[in-house]
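This document opens with one chain alone, in structure tokens, the form predicted on its own.
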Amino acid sequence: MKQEELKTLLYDEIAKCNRCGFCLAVCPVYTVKGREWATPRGKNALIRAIIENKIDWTPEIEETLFRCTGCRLCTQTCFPAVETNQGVLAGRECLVDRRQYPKVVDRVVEALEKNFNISGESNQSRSMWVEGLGEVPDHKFQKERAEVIYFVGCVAAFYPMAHKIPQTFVRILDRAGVDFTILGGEEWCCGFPLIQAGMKEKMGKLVEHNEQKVKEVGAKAVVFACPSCYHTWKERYHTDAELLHSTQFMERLIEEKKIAFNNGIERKVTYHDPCDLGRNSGVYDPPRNILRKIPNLHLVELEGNRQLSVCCGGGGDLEMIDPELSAAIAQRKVEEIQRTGADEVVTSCQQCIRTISGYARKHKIKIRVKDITEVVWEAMVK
């Protein structure tokens, strides 16, 4: 994106910012950094000054625009609802044009261009998590034709900390009698990391490939346990298939009596709304409806829940660009969870699982972190 293309944002969004400061109290980056540049209004002011040719791009601006989780909590608490994230992403695109961006991003771009996933491993390893299931069908959940495609996502496929999510979800689908398949090595990254890096023009090949696979399988629905994949497909893909997050699909299976629960163990849980599932996609009720259906499981809400949920620190490519800042934001999330007195925290995002449980484990904090698919599988009548 060239600087001239930013000008429409000046009038459509950035100029709406009246610098009131309501965003300061909720911005996860500002709560850690405590500097004006870290605030949403600070980012808006910088972008506006650049558009008006009052300042030029500098390394400090690079640091500012690439220190944002994309959580959009600022927009939620903003009276004119300024979409600061639009300006941030547009600014990142301008920085990419000028080769002024964190060079760690190049490693991810190279991995996506070579192997079609963020890990850099061979994409044929994308379904290795199936090996941890023990007895599985001969087709290992990969079929040529199916009613439903389960799009696993890079994080759950390649990072062991998140393997439980696809492992439990395919068990749920299999037990519920769903005609589904995974794409294995034919699943390519959805392109979300490229959008966040300011390089959305590089995702065309990924989108085209994934859309074609849906057609070849003849799927009527594509289901995602990863909110970022779900949000990206909803915003950037064109397909006749129905797009559903795993919580929406499991709620439907419960309503159709294909999932039933046993009495379970008496316990108190809290639920963390992932940014890309909640604020960015508007999915709040399905996960809560599921949890309330499980006998003897008592849901207590976090101080910041639903539209006001506080980011875990794992969004916007921040963990890759500034892991220390990401961890500091995760610390505040863990402290909020602890204040509920819940026995465990449940979420619906593989990246949130990694960020929250990773911080807790590193700092020897006893806190159980589970994806909602794990909770459902544990409670299902077997």
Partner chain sequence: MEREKMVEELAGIVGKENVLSSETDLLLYGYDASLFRGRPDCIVLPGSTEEVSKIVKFARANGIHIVARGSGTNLSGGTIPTQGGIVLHFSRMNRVLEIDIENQRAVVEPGIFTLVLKNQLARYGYIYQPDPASEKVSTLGGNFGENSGGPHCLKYGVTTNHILGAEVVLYDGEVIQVGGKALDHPGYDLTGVLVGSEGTLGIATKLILRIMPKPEAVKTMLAIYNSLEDAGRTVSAIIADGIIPATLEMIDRLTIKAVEESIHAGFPLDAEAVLLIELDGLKDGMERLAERIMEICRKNNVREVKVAKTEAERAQLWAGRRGAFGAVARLRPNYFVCDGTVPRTRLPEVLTRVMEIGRRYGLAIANVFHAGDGNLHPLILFDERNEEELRKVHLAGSEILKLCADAGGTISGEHGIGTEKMKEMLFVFNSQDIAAMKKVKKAFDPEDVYNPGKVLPEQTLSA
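This is a predicted model, so every value here is computed, not measured. Positions refer to the first chain, counted from 1.
This next part talks about the form predicted together with the partner chain, which is not shown.
In short, of 350-358, 310-318, 46-54, 323-331 it is 46-54 that has heavy atoms within 4.5 Å of the partner chain in the predicted complex. With the partner removed from view, the residue among 77, 100, 115, 86 that has a non-hydrogen atom within 4.5 Å of the partner chain in the predicted complex turns out to be 77. Three-residue candidate spot 25, 37 and 41; every residue lies within 4.5 angstroms of the partner chain in the predicted complex by at least one non-hydrogen atom.
Taking non-hydrogen atoms only, residue 342 never approaches the partner chain to within 4.5 angstroms in the predicted complex. The partner chain in the predicted complex is approached by residue 58, whose closest heavy atom lies within 4.5 angstroms of it. The partner chain in the predicted complex comes within 4.5 Å of no heavy atom belonging to residue 365. Using a 4.5 angstroms threshold between heavy atoms, residue 16 counts as touching the partner chain in the predicted complex. Although the partner chain is not shown here, in the predicted complex the stretch 177-210 places no heavy atom of any residue within 4.5 Å of it.
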